[in-house]
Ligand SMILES: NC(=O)c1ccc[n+]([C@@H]2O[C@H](COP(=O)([O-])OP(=O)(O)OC[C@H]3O[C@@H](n4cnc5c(N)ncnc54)[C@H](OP(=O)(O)O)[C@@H]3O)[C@@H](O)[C@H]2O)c1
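Shown here is one chain on its own, the form predicted alone, set out as structure tokens.
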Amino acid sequence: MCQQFRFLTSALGRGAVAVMTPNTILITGASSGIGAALAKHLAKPGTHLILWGRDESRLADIAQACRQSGAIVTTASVDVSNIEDFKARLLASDTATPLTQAIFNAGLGGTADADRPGEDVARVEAISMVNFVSPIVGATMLCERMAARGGGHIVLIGSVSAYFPLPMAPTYASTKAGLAMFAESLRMRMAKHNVAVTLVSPGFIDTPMSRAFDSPKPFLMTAETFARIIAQRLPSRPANVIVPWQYTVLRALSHALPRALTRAIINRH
């Protein structure tokens, strides 16, 4: 199984040598926030972490902390919005060290300027590339390779914003909604190949992205607490994880309410 250590033995004289193939995990957007916290919680002996982010200095600090926990760590400065470079690097990385798990976490957020009718077009393009195009392209590339190896685990970091219309951030909400549909569809397609697909939907997590969101942040949670919960849940390869749990209730309530009422409540904030 790709999610477990695999031991190969070869006879040497009268004894045998056990060779351990480590659990290899890619995390994008690992230089800060959720990605950095997840890396630290997943770091342990027998794990090879491949950490991608844009800030090499912060990546180096996080890598050092992970090595102190016993993990093997490889880092690279990668801009996932450069889709051709991203694809080439992903292919090269998986060829060199086959991934057992890929966590597509890199994301862009922020709210639209309240003084203009629409969003900034350049920002819309950037958010779409980072939040939607790169993770679905990456997951699509890896799922076929994982299937050929007999299994694997793809983790997509979405958002609870996927379940609510957000006039202050329409592109962000729509990219996360699209990612949720992609995760469900890919999960169904890959089930027979032993490739799990998990959608993680965080609420407000205390990260630089969340701090830039100039609105109330109900049920705010630290990145460390969030990462601890997710690290505990991922080994069971769940289909969906919503954190904090209160958003599971809010999601159910929003589905039960008339859409017009939901829009009216959101527009008041």
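Numbering starts at 1 and follows the sequence shown. Nothing here was measured: the structure is a model prediction, and the numbers come from that model.
What follows is about the form predicted in complex with the ligand, which we do not show.
Novice: Within 4.5 Å, heavy atoms only: does residue 176 come near the ligand in the predicted bound form?
Specialist: Although the ligand is absent here, residue 176 would touch it in the predicted bound form, with heavy atoms inside 4.5 Å.
Novice: Does residue 157 reach the ligand in the predicted bound form, with heavy atoms at most 4.5 Å apart?
Specialist: Residue 157: yes, in contact with the ligand in the predicted bound form.
Novice: Any of the heavy atoms of residue 100 lying within 4.5 Å of the ligand in the predicted bound form?
Specialist: Because no heavy atom of residue 100 falls inside 4.5 Å of the ligand in the predicted bound form, the answer is no.
Novice: Taking heavy atoms only, is residue 107 within 4.5 angstroms of the ligand in the predicted bound form?
Specialist: Taking the distances in the predicted bound form, the answer for residue 107 is yes, it comes within 4.5 Å of the ligand.
Novice: In the predicted bound form, do 151, 229 and 238 all reach within 4.5 Å of the ligand through at least one heavy atom apiece?
Specialist: Zero of three within 4.5 Å in the predicted bound form.
Novice: Tell me, please, which stretch of 92-100, 74-82, 186-194, 137-145 lies within 4.5 angstroms of the ligand in the predicted bound form when heavy atoms are compared?
Specialist: Partner-contacting stretch among the options: 74-82.
Novice: Sequence order please: the residues of 171-209 with a heavy atom within 4.5 Å of the ligand in the predicted bound form.
Specialist: The stretch touches the partner through 172, 176, 202, 203, 204, 205, 207, 208, 209.
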